[in-house]
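Let's start with one chain on its own, the form predicted alone, as structure tokens.
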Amino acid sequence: MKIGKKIAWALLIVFIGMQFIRPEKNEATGDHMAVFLQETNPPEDVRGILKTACYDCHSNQTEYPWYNAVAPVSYWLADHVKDGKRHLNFSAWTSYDAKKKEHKLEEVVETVKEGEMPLKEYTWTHEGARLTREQREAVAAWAQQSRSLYEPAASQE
């Protein structure tokens, strides 16, 4: 057998084996967003934008697309979610002190205004996450306003 066929067979076996070893899914139960939503009180339009464009990678509840059932895509998505939650996890809002909350909201303003979030890779397959200029401005305005909730406490820490 030629070396090319051996490599192809080996890759096929690895690909098939990967289908049986899956990364852990990011699926929490319960109302893990309640504190964040209660504290920051986003308007309904911003709540919808956050749900559509942010929560999959920045909360403990990801709504997985059908292609997540195929490795190596499942590994790639798990890594994106893990990285997103490392930067900001709305579900872990209660674990952040006031200074960190204020800083996270500042980052939301910056990344949304600059068009860095949501990631281009995400918007390729999630059309609803492609934000218009008006939607970006609405999210940035809400996040900027919400920062004021934490600024006095953040400056005292």
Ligand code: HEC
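The numbering used is simple: start at 1 and walk along the sequence shown. As the structure is a prediction and not an experimental result, all values here were calculated from the model.
Absent from the display: the form predicted in complex with the named molecule. The rest refers to it.
Using a 4.5 Å cut-off to the named molecule in the predicted complex, not one of Val14, Ala71 and Ala78 places a heavy atom inside that distance. Of the candidates Asp97, Glu114, Glu107, Glu63, Glu107 is the one whose heavy atoms come within 4.5 Å of the named molecule in the predicted complex; the others do not. At least one heavy atom of Leu131 is located within 4.5 Å of the named molecule in the predicted complex. Heavy atoms of Met33 never reach within 4.5 Å of the named molecule in the predicted complex, leaving it off the interface. In the predicted complex, the named molecule stays beyond 4.5 Å of every heavy atom belonging to Trp93. Contact between Lys101 and the named molecule in the predicted complex is not found at the 4.5 Å heavy atom cutoff. In short, of 48-56, 35-43, 63-71, 22-30 it is 48-56 that has heavy atoms within 4.5 Å of the named molecule in the predicted complex. Shown without its partner, the chain has Met117, Pro118, Leu119, Tyr122, Leu131 in segment 116-146 as residues with a non-hydrogen atom within 4.5 angstroms of the named molecule in the predicted complex.
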